[in-house]
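Quick setup: one chain, the form predicted on its own, written in structure tokens, and binding and motion questions come after.
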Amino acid sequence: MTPNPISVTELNLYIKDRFQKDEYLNNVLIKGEISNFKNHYTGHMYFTLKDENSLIKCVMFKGYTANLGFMPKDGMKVIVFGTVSVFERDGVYQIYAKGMKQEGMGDLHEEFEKLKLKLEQEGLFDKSHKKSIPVMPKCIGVLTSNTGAVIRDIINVSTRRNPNVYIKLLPVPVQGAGASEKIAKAIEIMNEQKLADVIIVARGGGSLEDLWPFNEEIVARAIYASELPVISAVGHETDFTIADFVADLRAPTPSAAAELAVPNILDLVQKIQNNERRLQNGLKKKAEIMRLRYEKCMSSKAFTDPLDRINKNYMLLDKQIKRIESSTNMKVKEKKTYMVEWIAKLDTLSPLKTLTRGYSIVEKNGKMVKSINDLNSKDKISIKLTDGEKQAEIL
């Protein structure tokens, strides 16, 4: 008997049901390399996980992507935890990822955080130690590989912004064993020989292992000890290394480092021209203000009639003198009247006034005699009368 045919949807749903009943496929842990990565605007991530011989599609929904501690990208080796199921509309099976971490990155991340904390506590990241980038550097020292797009990008951007700037490349390995020691040594050479005004330490993007030389302590301390300003341009904008934290300035990309280090000569010319115009306009305005002020001064009475103010002050002075004289005379008159009144009163009380009425004053030894008991026989006395004084002796 021929069985009844089923629809494609029914077949896919049947297969999906078989997947869901498999406990192993509901909790699978798989490692591979990311390719065709797409970070959708909705927050979902779509990518393919592959190895040398095979591949499988993956999706991680927004609810799980929020827990990622890194941004996945093509070429990154990861370990994915999730569920294998069928997307019945397209008839394909794929991994619905619930978690993901970089393969072998656990130890490196831990080492990264330990070194970062150590150097931060020592003050290597403090802003107070960071040097300013020269405004118009004549020479840019670049530490990177002598092959690849990084040095070409830096040269192209630098020479476009200022054709007169000089680029000195000191080739160094940017990944692999011994790279960190050579990078640190190149920084020392740049400083010892004063080969540049500013140093750019750069390399392109890559995995954490690829960027690891720039997370080594020897490179961090070489950058910190550098007397020349250092710009770090390692990896992409989302990549951060220890070198970025120690450097005087971090650039998101090597091209951006060139833009930060080399000013645009056209912008400077435009700025100079604008300042020149502002200075000319300012001088013209200042000259006009000074001319108007001169004309106003020359039209004032101080210049047209210089004696006018002096004459007015003379008049004011005369008025003040008359006022003072009048006030003084009045005061003298008042005081004179007052004094005459008191003289009259004093004259009334004067003992000399009494002498004019026939009285006299008897003195002994310069003292007035008030009682006969004050006199003895043979005492010499003085008798004051109204018209003179006579000496006498007591009998």
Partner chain sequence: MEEMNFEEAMEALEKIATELEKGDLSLEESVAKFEEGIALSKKCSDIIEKAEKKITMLLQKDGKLEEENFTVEE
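Positions refer to the first chain, counted from 1. Predicted model only: the values in this text are computed from it and were never measured.
There is also a form predicted in complex with the partner chain; it is not shown, and the following applies to it.
Peer 1: Heavy atom within 4.5 Å of the partner chain in the predicted bound form: which of I272, L292, L307, I321?
Peer 2: In short, I272.
Peer 1: Could you check which residue among I218, A256, L119, I189 gets a heavy atom within 4.5 Å of the partner chain in the predicted bound form?
Peer 2: When the partner chain is considered in the predicted bound form, the option within 4.5 Å is I189.
Peer 1: Of the listed stretches (67 to 75, 191 to 199, 321 to 329, 225 to 233), which one has a non-hydrogen atom within 4.5 Å of the partner chain in the predicted bound form?
Peer 2: It is 191 to 199 that comes within 4.5 Å of the partner.
Peer 1: Since only the chain is shown here, I'm wondering whether R89 would be in contact with the partner chain in the predicted bound form (any heavy atom pair within 4.5 Å).
Peer 2: Contact with the partner chain, no.
Peer 1: Using a 4.5 angstroms cut-off on non-hydrogen atoms, would Q280 count as touching the partner chain in the predicted bound form?
Peer 2: Q280: contacts the partner chain in the predicted bound form.
Peer 1: Under a 4.5 Å heavy atom criterion, is L249 part of the interface with the partner chain in the predicted bound form?
Peer 2: Flag for L249 set to no.
Peer 1: Tell me, yes or no, whether E276 is in contact with the partner chain in the predicted bound form, where a contact means a heavy atom of each within 4.5 Å.
Peer 2: It does: once the partner chain is placed as it appears in the predicted bound form, E276 has a heavy atom within 4.5 Å of it.
Peer 1: Taking heavy atoms and a 4.5 Å limit, what residues of 115 to 141 are near the partner chain in the predicted bound form?
Peer 2: Contacting residues: I133, P134, V135, M136.
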